[in-house]
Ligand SMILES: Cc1cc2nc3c(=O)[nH]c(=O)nc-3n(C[C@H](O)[C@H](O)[C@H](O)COP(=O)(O)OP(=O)(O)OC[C@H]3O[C@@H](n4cnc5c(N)ncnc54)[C@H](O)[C@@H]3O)c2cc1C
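Taking the form predicted alone, here's one chain by itself in structure tokens.
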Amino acid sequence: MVKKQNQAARETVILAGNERISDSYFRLTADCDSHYLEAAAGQFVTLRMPDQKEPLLRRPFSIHQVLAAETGKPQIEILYRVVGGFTERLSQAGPGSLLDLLGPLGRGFSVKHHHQPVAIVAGGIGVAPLVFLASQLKDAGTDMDQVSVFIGGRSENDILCQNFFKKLGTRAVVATEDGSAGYHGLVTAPLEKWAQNKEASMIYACGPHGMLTAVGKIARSKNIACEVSIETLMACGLGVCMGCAVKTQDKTQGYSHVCKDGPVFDAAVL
């Protein structure tokens, strides 16, 4: 079962770093309140820049990591891709800039001590919450040599965090649609081969909708538990505006709201 959400809070935080890591991808670091130390991998935050009136609505970002800083105050990391006006302005913000931060929001992945093979499947920027997940799995006592990470992207420029996963002791498999790195094709192809292992116990995934649908089918065909984090537009992040409804197998309502009921769901309900 996916982990329930923690109490969210809004605060103004100071940007400590904002580095370009690959092409249009950036990783920002900001000081944050100590309640983020209780955040679950898969939860998210929403951001605004206090000195700017646009955009009107806050923007959601997965929690990439929560780190203990030398000052004793934790720091939050957010991995993001420049795709529009807000993220373009965000990428230009330097250390000392202020951010309006609300979180942690939503429901995260279920983290436990795994002894049997586990797969983590990332598609493009979907890798962002999965770094946090891998760290929490290790902290929970999971045998990291039992964890296989499948990282997919359109090209080599979209393959992120591979070295981080390797340093944790996982097996990292790369797939690119143009063949510029690793397996030439969709990341679900090597995952399907991995799923032939009869001892496989869990699949975690985050990425484009089509990838998540394919991952869910693989999991069901092999009777493997599976949790997926859905990427979609979320306006308020609190379940108030009802703008992120997705159709699910929930017999009571038929729809769930990604920001409140997710973004992590058991793949069986999708």
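Values in this document were obtained by computation on a predicted structure and should not be read as measured data. Quick note: we count residues from 1 along the sequence shown, nothing fancier.
The form predicted together with the named molecule is left out here; the points below concern that form.
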>> Test of understanding: in the model of the complex, would E231 fall inside 4.5 Å of the named molecule by heavy atoms?
In response: yes
> Any chance G84 has a heavy atom within 4.5 Å of the named molecule in the model of the complex?
Replying inline: yes
>> A200 versus the named molecule, in the model of the complex: is there a non-hydrogen atom within 4.5 Å?
In response: no
> Does at least one non-hydrogen atom of R59 fall within 4.5 angstroms of the named molecule in the model of the complex?
Replying inline: yes
> Where does the named molecule sit in the model of the complex: which of 85-93, 164-172, 187-195, 109-117, heavy atoms within 4.5 Å?
Replying inline: 85-93
> Looking at the named molecule in the model of the complex, is some heavy atom of each of F44, I125 and A128 within 4.5 Å of it?
Replying inline: yes
> Heavy atom within 4.5 Å of the named molecule in the model of the complex: which of L99, I159, L102, L79?
Replying inline: L79
